[in-house]
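Shown here is one chain on its own, the form predicted on its own, set out as structure tokens.
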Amino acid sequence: MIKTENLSHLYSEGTPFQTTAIEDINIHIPKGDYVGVIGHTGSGKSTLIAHFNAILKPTSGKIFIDGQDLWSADKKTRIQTRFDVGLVFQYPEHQLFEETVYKDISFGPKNMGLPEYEIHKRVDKALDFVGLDRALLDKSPFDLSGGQKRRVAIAGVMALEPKVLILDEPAAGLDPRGRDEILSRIRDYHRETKSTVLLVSHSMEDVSRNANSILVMNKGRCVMHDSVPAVFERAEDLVGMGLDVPKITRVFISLREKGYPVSPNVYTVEQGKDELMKLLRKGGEAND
């Protein structure tokens, strides 16, 4: 679905302030995958995803969406890409602007030139995906709670029915319950639509619980891109980069360092239980 070849981007190119944001990115994301994109602030995550719906033009390299070279295509193709690749920015509720919830969610489908019945159907479906009550449709989005505003903004992108849904830190600033609810809704959306989903996050814990694969960015480069288990086989490397690996992973890395014969590549409680049961069967002692 998404492929890049030697993708690089410079900010302020040719000036004393020139900065390399991403460099030599070569990735392939298949249709229907759920990818967690992880990395520190400044690692290049947001710059990378901004290329996927043509917000940014590569300084060098190529990007293909569904087999189409995005920047060798005509302008109409790039405009269509912005509908096919839906991007939910961090704190998307700041982008709400319409008089009612219905108008905000329907804004994108209207700009696609869809008939009214199709727009209404898409708004209705998007409400179900994000778990909002239809009684809110005639209310001003600015009268809603913070969590409800976030859902309205996400619903507006889901109503486009994009082939690819990209969410940049969709749970940022929410309390634990709100974060789990949003991430659960996105997981259900992926399962029901079979679309490609990219979840950008600082939290390896959120990514490990939701994604099928993980793309790790560090200093503008893609340093890992593999299945969740394969990435966690390099858990110590992730910790070495200072990434926020799950607490359960840190526990088992610590046990390993203390000499206990356990795997350091544990990222779920269930895996942790299995490792501890193995340890107990062996006598539960550290190696000399």
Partner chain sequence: MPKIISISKLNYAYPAEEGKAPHPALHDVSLEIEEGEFIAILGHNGCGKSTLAKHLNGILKADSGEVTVFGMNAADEEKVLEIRKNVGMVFQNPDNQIIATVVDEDVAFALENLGVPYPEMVERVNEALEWVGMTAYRRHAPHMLSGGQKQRIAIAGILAMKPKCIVLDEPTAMLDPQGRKEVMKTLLRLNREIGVTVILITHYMDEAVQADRVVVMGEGEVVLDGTPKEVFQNVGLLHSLSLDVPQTAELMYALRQEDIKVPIAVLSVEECLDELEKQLGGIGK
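Residue numbers count along the first chain shown, from 1. Since the model is a prediction, treat every value here as computed from it, not as a measurement.
There is also a form predicted in complex with its partner chain; it is not shown, and the following applies to it.
*Counting only non-hydrogen atoms, which stretch in 216 to 224, 229 to 237, 60 to 68, 254 to 262 is within 4.5 Å of its partner chain in the predicted complex?*
Looking at the other structure, the answer is 254 to 262.
*Check each of 192, 133, 74, 175 and return the one that places a heavy atom within 4.5 angstroms of its partner chain in the predicted complex.*
Checking each option against its partner chain in the predicted complex, the one that comes within 4.5 Å is 175.
*Can you pick the one in 205, 118, 188, 128 that has a heavy atom within 4.5 Å of its partner chain in the predicted complex?*
It is 205 that has a heavy atom within 4.5 Å of the partner.
*Wondering, does residue 276 line up within 4.5 Å of its partner chain in the predicted complex on heavy atoms?*
Heavy-atom contact with its partner chain at 4.5 Å: present for residue 276.
*May I ask you to check whether residue 44 falls inside a 4.5 Å heavy atom distance of its partner chain in the predicted complex?*
No, residue 44 is distant from the partner.
*Is the gap between residue 250 and its partner chain in the predicted complex 4.5 Å or less for some heavy atom pair?*
Residue-level check for residue 250: yes, a contact with its partner chain.
_Partner contact for residue 244 in the predicted complex: its partner chain, 4.5 angstroms, heavy atom_ = Flag for residue 244 set to yes.
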